[in-house]
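Take a look at this single chain, the form predicted alone, given in structure tokens.
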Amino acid sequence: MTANEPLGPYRVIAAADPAGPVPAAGQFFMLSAGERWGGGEGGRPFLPRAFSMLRREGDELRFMLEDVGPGTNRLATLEPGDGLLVVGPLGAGFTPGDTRRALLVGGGVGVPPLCCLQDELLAHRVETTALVGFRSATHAAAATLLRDPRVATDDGSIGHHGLVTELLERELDGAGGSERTVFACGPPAMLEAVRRLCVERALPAQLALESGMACGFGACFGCVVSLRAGGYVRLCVDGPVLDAHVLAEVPAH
């Protein structure tokens, strides 16, 4: 661990990874603390936690997390110099291809992979529009990780009072909306709304799904999702980024 910084109610942590491969936007890592990674004396060890990369800066990997349970609490309390076990990059990330106008749609802790993607797209002179939703102005501090974002909040304390998908619908129905490619990451209900909006308009969309993962390598089959054409895929090896049009729906956790 090289850094642990507050960002509203979130934490941005960093780990040195000088010899690791360069990850693609949307890929993830399995993180665990080097010490005290378990339920106390004689307690059961925690499973590693899956996190999409926020950015790679020099030899450092950066991640954003929210302290919502015992595992994320332990990660949130690590200090520079503490051991952080990092396994990755894993999974399939975003594939922008020849995209020229990108709509990035995020919610809460789903913002990090969109930051990495926006960096890549801007470096290739791709026009990006970022739409992000949060519970409140306090949580919307994470919007500062993106360039020129448009913000929605559930309580109306900043930006649009409502859902980020309402901003998306307006954008898609406006001038040039049919020329966009959508890239999204966030809670399941948000992603399902994004999927429906894009499928109805026959727009290309890539969704980074969230799922509890025990291994990250496809061995446990704990992160399967169903496909429109039948069958299943494992998010840890076939995703977490999937084409919206191949999904039957975005499942709730």
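None of the values given here were measured: they were computed from a predicted structure. In case it trips you up, residue 1 is the first one in the sequence shown, and so on.
We do not show the form predicted in complex with a small molecule, though everything after this point is about it.
With the partner removed from view, the residue among 197, 61, 190, 65 that has a non-hydrogen atom within 4.5 Å of the small molecule in the model of the complex turns out to be 65. Of the residues 70, 204, 34, 43, just one reaches the small molecule in the model of the complex with a heavy atom at 4.5 Å or closer; this is 70. None of the heavy atoms of residue 143 is located within 4.5 Å of the small molecule in the model of the complex. Taking the partner from elsewhere, residue 112 is found to have a heavy atom lying within 4.5 Å of the small molecule in the model of the complex. Although the partner is absent from this view, residue 49 contacts the small molecule in the model of the complex, with a non-hydrogen atom inside 4.5 angstroms.
The small molecule is not shown here, but in the model of the complex it comes within 4.5 Å of a heavy atom of residue 209.
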